[in-house]
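What follows is one chain in structure tokens, specifically the form predicted alone.
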């Protein structure tokens, strides 16, 4: 281990994706859609449910009346029904797009193993339901596009030897299309989303304080885009379905109905095998062995006060409390090894992690075995003692944020933690008391924490808004924070220079 606390290696693909996200932080990370793909998808899902309720109440769900009622809704009630229909369609496109990008992002960032595997599995299980619901929505309109999709889907389903007679027979003649079959269409498009809503609950139940809504500003932007698109390019019906004719398609949704051209270009067998193989691969990814599984947080019973702060701050509900075996009437933290993210946020929340304790070896109530808090205190002290007086700058960073180790110099001591949430706020005061001229705390961008809540809790603790708090007596002019991503080293360096100039002006003023 060198002068700085050792950093965890981050795969090159993860660094590449993080840099891509950093470059989209044009105004603020809170407005970066790549950092909120899951919550944007959930927003679109609720838009679909809300608009779908009105559309379902307004249309005739019979074979003879479906097309006319939807077309009339779009043309005669364009100010509400037509707009809602267009919003419903475009929200479906955005829902599918954000869901697929969310899946891609989590895969590239490696968020599918260990404690995340259940979240990954439940999310993957939602994909077939999403596909079924998206395709089934076109059938309810029963125009030429709906007819084409229903026939193409029936032909594709006939690949499976599940039906006594070919499913396509339901679409061979006008007499085959009945209200009974149309009731099946209604169930597919309305019943499956209810299953998805139940599945979404399973998807986030392992997360503490799940973020299911995007920031208000970003949500407002997305809803405004939907409304503007609906007004500028309203969705209208094709010609009515006619089983006596081959449908002529003037427009086609290549996102929601992508499976149909794939089957037409290849074969039903090829597409089924491709989709099933992909689904099985996604389900098998969490079972792929890791080279070195991350160490689990360790609880030291003699130093655990049972304050429950680690329980409140854990992003994945990996910590619970039980009766303390050595101190009657007290509680003891217990870590679920399968749910632990090895982020260290619990260490930063533990009141016994303060470096001001007089013990020679700092032992806390909960700690990370691969990066003990005592090592941070010892190395901080050693580095400050080795630096020239008047030129002592300390930078605390995060393995998943800007690589602060590149700033290491004779007058700059850098320490990269697993997550900036691992840093007890008292270390800022400790460094200043031990001779540091200034302290800079750097972490992942806002809303971009690799462990969801680390940056948020660190910022709240330093601002005195969450326990354990940085004491108000610590001179605010001698420490600062900067939230920068993997590509934000220049931003951290600039923040360090700004802090140095501020401290220099303060010394001159004295």
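In this text, all values refer to a predicted model and were calculated from it rather than measured experimentally. Residue numbers count along the first chain shown, from 1.
Below, we turn to the form predicted in complex with a small molecule, even though it does not appear here.
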**Asked** Taking 41, 123 and 127 as a possible spot, do all three reach the small molecule in the model of the complex with a heavy atom inside 4.5 Å?
**Response** yes
**Request:** Would you point out which of 239-247, 403-411, 93-101, 267-275 contains residues with a non-hydrogen atom within 4.5 Å of the small molecule in the model of the complex?
**Result:** 93-101
**Request:** Scan 255, 225, 233, 211 and let me know which has any heavy atom within 4.5 Å of the small molecule in the model of the complex.
**Result:** 211
**Prompt:** Of 229, 119, 375, 354, which residue is found within 4.5 angstroms of the small molecule in the model of the complex when only non-hydrogen atoms are counted?
**Reply:** 119
**Prompt:** Should residue 155 be classed as touching the small molecule in the model of the complex when contacts are defined as heavy atoms within 4.5 Å?
**Reply:** no
**Request:** Verify the contact flag for residue 203: yes if a non-hydrogen atom of it lies within 4.5 Å of a non-hydrogen atom of the small molecule in the model of the complex, no if not.
**Result:** yes
**Asked** So in the model of the complex, does any heavy atom of residue 437 sit within 4.5 Å of the small molecule?
**Response** no
**Prompt:** Is residue 71 a contact residue for the small molecule in the model of the complex, using a 4.5 Å heavy atom cut-off?
**Reply:** no
